[in-house]
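Let's start with one chain on its own, the form predicted on its own, as structure tokens.
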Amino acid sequence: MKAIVLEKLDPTATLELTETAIPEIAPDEVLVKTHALAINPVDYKTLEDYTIVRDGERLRASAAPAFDGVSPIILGWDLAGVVTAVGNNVTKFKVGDAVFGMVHFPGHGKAYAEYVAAPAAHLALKPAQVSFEVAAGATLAAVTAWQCLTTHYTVRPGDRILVTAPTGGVGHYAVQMAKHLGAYVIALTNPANAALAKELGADEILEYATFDTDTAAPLQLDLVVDAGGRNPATWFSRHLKPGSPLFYLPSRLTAHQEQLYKEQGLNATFKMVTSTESDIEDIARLLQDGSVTTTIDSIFPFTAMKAAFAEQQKGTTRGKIIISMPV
């Protein structure tokens, strides 16, 4: 099969296709013939073994430690495709089923390949009316948003929720999901993305350039889903109800930062997504009933992964970048 195989994490990697063996499956796995992939900022950050130094602490991309001492490496976690074989212990799927999911995150998903060995518990049936491209998008980013709204916090009807970067990968799902759960959704964005944020379900639009956090009337927020990572937690402090959480998604906070925010009365934490069966099943239901869909920014062929990475790195993606696979 064709796959993008790396000997090590290397930001100069050409990300070219090579031939490698089709993976064998464990008893609890299925073999998926990949029809579409989705990429995320964590993909290129992991490729770079992404490191930032904050408050004297070295922080790495959330997925990078999974590859310590691993060679060869196949990046990627998000896929949609068709089951071609099932493990002896799998009863959930059969050969020919169309499925999608986020595989082994955080870990070694090996999704940049024509065939992927995936735990059955990390996949769900793709709704028939949903394309492989739309389903592939609704994986890591969608599950991240869903876990923020249902696991790390439980949205109640009428909650006031602010979403930053509301038209990006995670943000555009968070807006739709929060609205589905009955929240009043406030989107913090720029004028170019205001119409899309409104279309996704935002009740109120605030513009980065004109919103003065220090003088504006308090927003009385129950939750902030910060998918943009543009401002420190103190920027939101006047607008959060006492004790209300602020979830940082783009990068980790240091222990020093979390402690400092705690001392300031702020409940600000970094949240990382994990592969769970119940969450991907929930996403399938949301796709099935039309409560959530994927906004597709662009589609690249598997042979143009480097170009797709370059587009993702611009930080201006509206929705998801999808990779189409030869089928």
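Given the structure is predicted, the values throughout are model-derived calculations rather than measurements. Position 1 is the first residue in the sequence shown; the rest follow in order.
There is another form of the same protein, the form predicted together with a small molecule; it is not shown, and what comes next is about it.
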For the small molecule in the model of the complex, the stretch among 253-261, 122-130, 69-77, 163-171 with residues bearing a heavy atom within 4.5 Å is 163-171
Flag T213 as yes or no: does it have a non-hydrogen atom within 4.5 angstroms of any non-hydrogen atom of the small molecule in the model of the complex? no
In the model of the complex, L140 touching the small molecule (heavy atom, 4.5 Å): yes
How about I280: is it within 4.5 Å of the small molecule in the model of the complex, going by heavy atoms? no
Quick one: is L200 in contact with the small molecule in the model of the complex, heavy atoms, 4.5 Å cut-off? no
Check L9, L47 and A63: does every one of them have a heavy atom within 4.5 Å of the small molecule in the model of the complex? no
Scan N89, N190, S237, T151 and let me know which has any heavy atom within 4.5 Å of the small molecule in the model of the complex. N190
Contact residue in the model of the complex, chosen from V99, L246, A183, L249 - any heavy atom within 4.5 Å of the small molecule: L249
